[in-house]
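Form predicted alone, single chain, as structure tokens, below.
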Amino acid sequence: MRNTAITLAAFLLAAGAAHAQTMPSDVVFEDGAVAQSLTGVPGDPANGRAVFKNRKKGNCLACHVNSDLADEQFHGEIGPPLDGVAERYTEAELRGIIVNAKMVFEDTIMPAFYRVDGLNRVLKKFQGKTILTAQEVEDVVAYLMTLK
């Protein structure tokens, strides 16, 4: 019985480690791309779409045109159109751009959605917090990968 409990505890610990969230300071970039999932859990494209268009979360529509969301108002034109973005970038490249676009596009005004250090003019209530959670980043990446 004791061996079973130890084995079960070891399994649960290993399972938890497999799905541990990568902290913003631990994200590994390679040429601007982030190959490793931030959560170890596949992204949910439906939730990613919701985060993408949510004006209080991703707010991606403020800067990007996306014909998949043509029913939404006020698409911005500052950023590039996202139609066909999955054909232009890999999943790892999209993850890197969302986590911290400045790693790819040095002069971009796109915010770093999963970063807490080295930011400018952050409101006090948002200091030490990311714009999106690790899973929301994965969800948005999954959604963008549907835009072919």
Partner chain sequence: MIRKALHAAVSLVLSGALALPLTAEEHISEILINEEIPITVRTEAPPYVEGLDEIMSGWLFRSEETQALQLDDFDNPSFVFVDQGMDLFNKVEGTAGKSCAACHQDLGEFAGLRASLPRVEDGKIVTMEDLINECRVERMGAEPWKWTSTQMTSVNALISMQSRGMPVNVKVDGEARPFWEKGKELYYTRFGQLDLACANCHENNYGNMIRADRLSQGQINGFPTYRLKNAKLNAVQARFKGCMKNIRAEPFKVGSEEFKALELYLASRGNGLSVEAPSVRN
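A quick note: this is a predicted structure, and the numbers were derived from the prediction, not measured. Positions refer to the first chain, counted from 1.
This protein has a second form, the form predicted in complex with its partner chain, left out of what is shown; the following refers to that one.
For the three residues Lys56, Ile78 and Lys102, a heavy atom within 4.5 Å of its partner chain turns up in the predicted complex in every case.
Partner contact region in the predicted complex: 59 to 67, out of 59 to 67, 43 to 51, 28 to 36, 90 to 98, criterion any non-hydrogen atom within 4.5 Å of its partner chain. Taking the partner from the other structure, its partner chain in the predicted complex has a heavy atom within 4.5 Å of a heavy atom of Ile131.
Of the residues in 117 to 148, those that come within 4.5 Å of its partner chain in the predicted complex through at least one heavy atom are, in sequence order, Leu119, Asn120, Arg121, Val122, Leu123, Lys124, Phe126, Lys129, Thr130, Ile131.
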